[in-house]
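Just the one chain here, laid out as structure tokens, in the form predicted on its own.
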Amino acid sequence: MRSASRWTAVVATAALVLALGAGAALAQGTEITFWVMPNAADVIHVPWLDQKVEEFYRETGIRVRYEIIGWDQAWSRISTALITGEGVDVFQAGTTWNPQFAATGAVAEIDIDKFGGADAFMEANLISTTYKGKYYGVPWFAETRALFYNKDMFAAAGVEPPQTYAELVQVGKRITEVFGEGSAIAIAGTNAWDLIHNWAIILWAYGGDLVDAQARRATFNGPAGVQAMEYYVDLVRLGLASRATAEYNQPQADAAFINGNVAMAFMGPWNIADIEVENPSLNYGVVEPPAGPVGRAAFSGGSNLVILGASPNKAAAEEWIKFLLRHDNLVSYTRDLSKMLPAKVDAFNDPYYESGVWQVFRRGLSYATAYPPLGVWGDIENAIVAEFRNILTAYVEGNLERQGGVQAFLDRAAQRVNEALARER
């Protein structure tokens, strides 16, 4: 037995030496390029990145050269890198972008077990890293939206936060009786690039979906989709939202609430930082999205970390991703910088996320839905958003019904989506 033990010790020592040698070989002279979006103000983002890059170098000997790239340039820059196979080793990608990049065949397939396994991540965010059953990214941070409400306006109107979409209308009517037309809620409109996010949560709560389970045809133009879209238009039609909101972008809708002009808005955790800066005296609360006929629904977004398929430094890139996902680093990045939510399940064990408002977002994220991971998702989203905008425009101009009503617009969007899904197959 002693002989066997000595042999086991020899093998273990040899394995350790080999591992250290491999690590040294990996680290020696290795430099990777990391592209990250402006997830926080440069005044705090840059020092954090500088500190972590230095810590990572001391631990691994791997140099990280990072570049902060604006969202307006990111798609073009990443697309060029995918074509040329140069310029970056690991990059941040929005959850809806990840499958589209994977469909090009130019990003690296990921062994999710190297990063803690599938169960380590919030389910919807993990889905966003997949394409045709394989992983092509690692979830980093998440976002979902909840209903913010003005406590003072609610108290003056004698109402409580709505728990269902039907209650939201009832509450909204009472608020407008007290504060005037358009004072109940601010919504995103025709100038919002993320318009679909605001309608999808109602669609899901009404029992509808964007496409069928096999992603072969559009389903959002069915009865549930029509009801959900009519509900959205009704927010303006009933005077709960002002007619001006039909042309808002999301920041304008957010500002209407933050400035205290309306009583409700669907916003994200990052808006808490906006409130702290722009109107710290605002007396507000946050509740989960209201329930529809089939229950509550929420949208899951955020960002993943993706490795360029042609990168000669994939192993080093993996180590950098592991470093960013380390508990303290992930919590620090989401808590102190991005004001997003961590995409790892165990990060929510941090006491910071035990407070009331963060528990609301955590619960929402637990049942949130990700968009289907399709290479043609961009075409699908563009088709839906285009007709959504047309619906709002037609309503404001007073000819929605003359143009066939909501159903006609959704049917046109569905036709374009079906054409895109045919290309996916």
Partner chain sequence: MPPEGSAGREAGRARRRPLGTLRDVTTQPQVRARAIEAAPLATAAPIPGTVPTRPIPRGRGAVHKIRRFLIRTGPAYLFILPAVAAMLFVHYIPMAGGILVAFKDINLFTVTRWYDAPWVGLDNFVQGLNPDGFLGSRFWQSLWNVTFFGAVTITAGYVIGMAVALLLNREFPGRTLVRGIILLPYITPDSVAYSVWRFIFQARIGLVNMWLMKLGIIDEPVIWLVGSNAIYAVMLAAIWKGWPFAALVLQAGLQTIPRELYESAMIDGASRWQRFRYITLPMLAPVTRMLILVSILWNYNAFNQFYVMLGKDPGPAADVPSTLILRETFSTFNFGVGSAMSVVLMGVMLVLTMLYLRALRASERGQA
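Positions refer to the first chain, counted from 1. Please read all numbers here as calculations on a predicted model, not as lab measurements.
Absent from the display: the form predicted in complex with its partner chain. The rest refers to it.
Using a 4.5 angstroms heavy atom cutoff to its partner chain in the predicted complex, all of 101, 244 and 375 count as contacting. Contact check for residue 191: a heavy atom falls within 4.5 Å of its partner chain in the predicted complex. Looking at residue 390, you'd find a heavy atom of it within 4.5 angstroms of its partner chain in the predicted complex.
Using a 4.5 angstroms threshold between heavy atoms, residue 397 counts as touching its partner chain in the predicted complex. Taking the partner from the other structure, its partner chain in the predicted complex has a heavy atom within 4.5 Å of a heavy atom of residue 386. Of the residues 127, 106, 120, 282, just one reaches its partner chain in the predicted complex with a heavy atom at 4.5 Å or closer; this is 106. The partner is absent here, but in the predicted complex a heavy atom of 75, alone among 353, 75, 115, 323, sits within 4.5 Å of its partner chain. The stretch that touches its partner chain in the predicted complex, counting heavy atoms within 4.5 Å, is 75 to 83, out of 221 to 229, 75 to 83, 287 to 295, 166 to 174.
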